[in-house]
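Take a look at this single chain, the form predicted on its own, given in structure tokens.
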């Protein structure tokens, strides 16, 4: 049985947004980010893979491609005419463009998630979260759109404006055309992608992982958040987790740049996302660098994770 609809028509991204009656400025913003990705994929294919010699806010060494991708997206957003504020995972401050204009949008983004995988030729991606107005410190449920772009064997773009989840592929002319619309996650979790050291799992997470394995769930983990979430969506189910660890109770992934946009997309596809105790999209951020654990994917699997944590850890 087909669980999401493919299309033989060559519908491009802008046309798809127009036909779904999206706000004109939001359409422009999404298309600006799509255009920026064309320069990023070219940089990945041809650029210097060496270190840039700088560190980001979190003390992680930046690859040259991180810096370049960040600059490409910021330049496009600055000149889009529709952005109030923006913040990048690679920076330490909000960039204010028209901060008091509530008719514009604020954007949080990770310009090149998984960039350490580039030099070993594994898939990486860009993740974007969009809010209306100037406030970036809102719960993820208030997002008006979220998207990611996967730079793999094929370059694909997945977006949602709250009207389903749709995938576009980059063609030979570097145009994004519709592959699938209204992607839905159905069925049990046949695959799982576990981040973090198993030896540092808490009792609830360990029980959850063991239960999945006893039920025949196969481990499929790339080390990249974008390809692993994309795998869950395109395979129509599964679960990704980067849990709270004994030495890192807040996990690793950041709420604004990674968890909120992916949770929005997965929920729009019929999935669920939790920090183990509460819905990711209900978390109230108090800073741009807030981290949280995550269990995201098929609703039954996410509910099982919450049950294991509740029963083992109180």
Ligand code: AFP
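Nothing here was measured: the structure is a model prediction, and the numbers come from that model. Residue numbers count along the first chain shown, from 1.
The same protein also has a form predicted in complex with this ligand, omitted here; what follows describes it.
Of the candidate stretches 110-118, 169-177, 151-159, 75-83, only 110-118 has residues whose heavy atoms lie within 4.5 Å of this ligand in the model of the complex. Of the heavy atoms in residue 38, none are within 4.5 Å of this ligand in the model of the complex.
In the model of the complex, at least one heavy atom of residue 225 sits within 4.5 Å of this ligand. Of the heavy atoms in residue 240, some are within 4.5 Å of this ligand in the model of the complex.
Residue contact check for residue 277: none of its heavy atoms lie within 4.5 Å of this ligand in the model of the complex. The contact residue chosen from 253, 44, 34, 67 relative to this ligand in the model of the complex is 253, the criterion being a non-hydrogen atom within 4.5 angstroms.
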